Structure formats: C-alpha cells, structure tokens
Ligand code: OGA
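This document starts with one chain, in the form predicted on its own, laid out as structure tokens.
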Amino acid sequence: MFEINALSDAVGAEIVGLDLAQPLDDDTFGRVHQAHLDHQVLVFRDQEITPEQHIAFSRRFGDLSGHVYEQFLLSGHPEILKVSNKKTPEGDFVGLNSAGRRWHSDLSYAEIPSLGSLLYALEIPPSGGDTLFNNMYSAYETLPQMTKDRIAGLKAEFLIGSARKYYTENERPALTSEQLASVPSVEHPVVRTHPESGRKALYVNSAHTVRILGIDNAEAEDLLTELTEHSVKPEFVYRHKWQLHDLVFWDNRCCMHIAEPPPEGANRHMHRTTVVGDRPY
C-alpha cells in the first residue's frame, strides 16, 4: 500500500512507497488514476526505472505522442523526449534545453493536445532548477462572474513558436519548414471542460496562445494578459524542488507549468513522455 500526501493547498501530491518498475495491478492503478484527477500533479519518489518501464507506465493512461523536435527524442525510444542542458563533445545540447521556460500547457498548440506529461529526473543540479505548477481549475473558479460571462464561448489561437515566445537560437533551435508544417495554428476554447472530472478550467497560456478570437485585437491582448496573470497568482501555484529519480506526472488539461533554468555550470537531464489527450471543448 502506498501513501498519498498533499504537497500544497494549491495542487500536487506525493506518492510514497510505490515501485513503478513493477507492473501495477488494476486496483493500484485505479487509485493512482484517481489521485491524479484529485491532485492534478503527482510526484513519485525514488523511482529507478528504465526507458521501457517509463513508457509502459505512461501508456496505462493512453497513447503516447512524439515531439516536433524529433532530434531530441531518445534513440530507440521515440516516445521519450530528452530535456537536458548537457552537451555533446561538439558543443550541442543533447536534449531540449529551453523546455518550459514560460508558463504553458504541453502541446496546447496541437490539434489534439496532451492529457499529461511524465518527467523523470536522471540528473539534477544541487540547488535551483525548480518547476512550478498551477491550478487552472482554481484560476477559472475565482474569476469574477462578469469575466466568466465575458469569456464564455470564446476561442483562442495557439501556435508553437508564436511571437509570444522569446528564445535565442542557442537555447532553442529554429524549427525547420517541415517541422512548422506539422504543427499549424489551431483554435481551442479559452475555457475547457475536463473530460473526466467535468470541471471547467482556464486554457490559455503565455507560451503558445497567440490571441483570443472574436474581439478587438487590443481588447484581446489585454484580456489574455489579464487571464494569464490571474492564473499564476501565488495561491494557485506549487513549487516543486526536484529530488533525484522523481517522476512527476501532471495533467495538462487543468494545469500549467514553468521550469526555472538550472544554475550556471550545473546539469539537469530528464526524460519526458507525453500522453495524448482529447480535443478541448
């Protein structure tokens, strides 16, 4: 039997005493699944897992997607994205170094966005490099009724590499024309309904949301800023301080996250799987 310990009032729970290197029986998996719905972010401590075991556990929640930056997928395991600031002898990053530098929901720029992401810490800095998660249910539920009425039914345009992102080419290589063609802009509702919990959550972010549609551009920009700033108020946020061999599983349908860069000269090397979700409604 494993323990489920809440990590903050905002979001998140720690799972202690569960070995993900071993297959989970249906009852155990059901309890993990419910904990994920209840807490949105699960931190599995002290996991010693292979890429195959990481993939197998992730697949219990659904199909897995690759990533537009296919050059950073793990050789032999295209379901795993390397998130890393380590470098090859030639000086190139071995993984996506700049992943998560702005508040976002993974693959919100995709026609079918992600259900959730599972990030496994193989190497972490001695300090710093935290990841922050927020609760987009709470962000929506605490909006003034006037704002809820205003955004009901509105849609937004999402695009990877949009003008709202600012990375140097060293931090994040430019997408090729073929990569860009594989992820055209999409429209999603500003407020989505979680397909399992039935709760409403804000669904805009500062990384991939280009604009809110159906209203004047200046008004749309102000509204997007208002919503994104409201959603990351401290009372909605949990700060995760990584421990070696943490596996963190978050729900992209009702959470955002942002990754702080590790200190200069310190390495952070992680593996991420991404579970395919559903079309937001």
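Remember, it's a predicted structure, so these values are computed and weren't measured experimentally. In case it trips you up, residue 1 is the first one in the sequence shown, and so on.
This next part talks about the form predicted together with the ligand, which is not shown.
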| query | finding |
| --- | --- |
| Answer range among 92-100, 177-185, 145-153, 70-78 for contact with the ligand, defined in the predicted bound form as heavy atoms within 4.5 Å | 92-100 |
| Heavy atom distance at most 4.5 Å to the ligand in the predicted bound form, all of Phe61, Ser114 and Val248 | no |
| Thr131, heavy atom within 4.5 angstroms of the ligand in the predicted bound form | yes |
| Touches the ligand in the predicted bound form: Val83 (any heavy atom, 4.5 Å) | yes |
| Heavy atom of Arg192 within 4.5 Å of the ligand in the predicted bound form | no |
| Partner proximity in the predicted bound form: Leu119 to the ligand, non-hydrogen atom cutoff 4.5 Å | yes |
| In the predicted bound form: members of 251-278 within 4.5 Å of the ligand, any heavy atom | His257, Ala259, Arg268, Arg272 |
